[in-house]
Ligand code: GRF
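As a starting point, one isolated chain is supplied in structure tokens, in the form predicted on its own.
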Amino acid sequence: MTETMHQVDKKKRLVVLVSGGGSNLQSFIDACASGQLNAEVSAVVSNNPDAGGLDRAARANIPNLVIDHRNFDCRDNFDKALCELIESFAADLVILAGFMRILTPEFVNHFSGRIMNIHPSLLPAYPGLHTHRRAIEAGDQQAGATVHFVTPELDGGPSIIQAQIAIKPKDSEQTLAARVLKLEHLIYPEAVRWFCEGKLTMQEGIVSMDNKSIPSSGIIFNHSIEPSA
């Protein structure tokens, strides 16, 4: 077996950052357990000691740690401590799963090409918060979610995969969010699977699949079943 083949076959080590309930985290726990991902969640880290994602990790016997940003006098010091903690687990990939902190450019650049986020809109539309409300108020016909590599620009990193869903006439912010979340649980593990298999890379801001660049909007996820609210 060549060294390259061994690197692909070896389970990738994932460190997942959460601030809330951790439903996307659960999709990774399940995907690792089922064998969908040739990976292991090596640690779950939260800036919020009350995050439900910590409980999910504990139930799965995954190390779960709190690094409370309120204990630091500035963002730089928090990010430095967070970086050191992640590196202590020899992470191959850092996964932001509802991590509600804006990370410094130094932190993001340290993990360049191996840090991902999911955002509940069809980026570049609606970076930031209240994405579903903004899409409905704008009269959009489509909403969705985007998995992207993280760069210093907030929600501005190059897209990997998008899932689109029709906005129904009676949709509220809550019903739309619920349907989009179901798609998030499908596309995020898929993007991570490509990374773990050595198919997906980002270099100099360009995302490639099997050494071929992908569209700027990312790969469009094909789903035949409309998620119900």
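Numbering starts at 1 and follows the sequence shown. Since this is a predicted model, take the numbers as computed values, not measurements.
There is also a form predicted in complex with the ligand; it is not shown, and the following applies to it.
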{"query": "Residue among 135, 118, 108, 86 with a heavy atom within 4.5 Å of the ligand in the predicted bound form", "finding": "118"}
{"query": "In the predicted bound form, the residue from 181, 60, 166, 65 that sits within 4.5 Å of the ligand by heavy atoms", "finding": "181"}
{"query": "Close approach of residue 23 to the ligand in the predicted bound form, 4.5 Å, heavy atom", "finding": "yes"}
{"query": "Heavy atom of residue 157 within 4.5 Å of the ligand in the predicted bound form", "finding": "no"}
{"query": "Segment that reaches the ligand in the predicted bound form - one of 66-74, 198-206, 181-189, 32-40, heavy atoms within 4.5 Å", "finding": "181-189"}
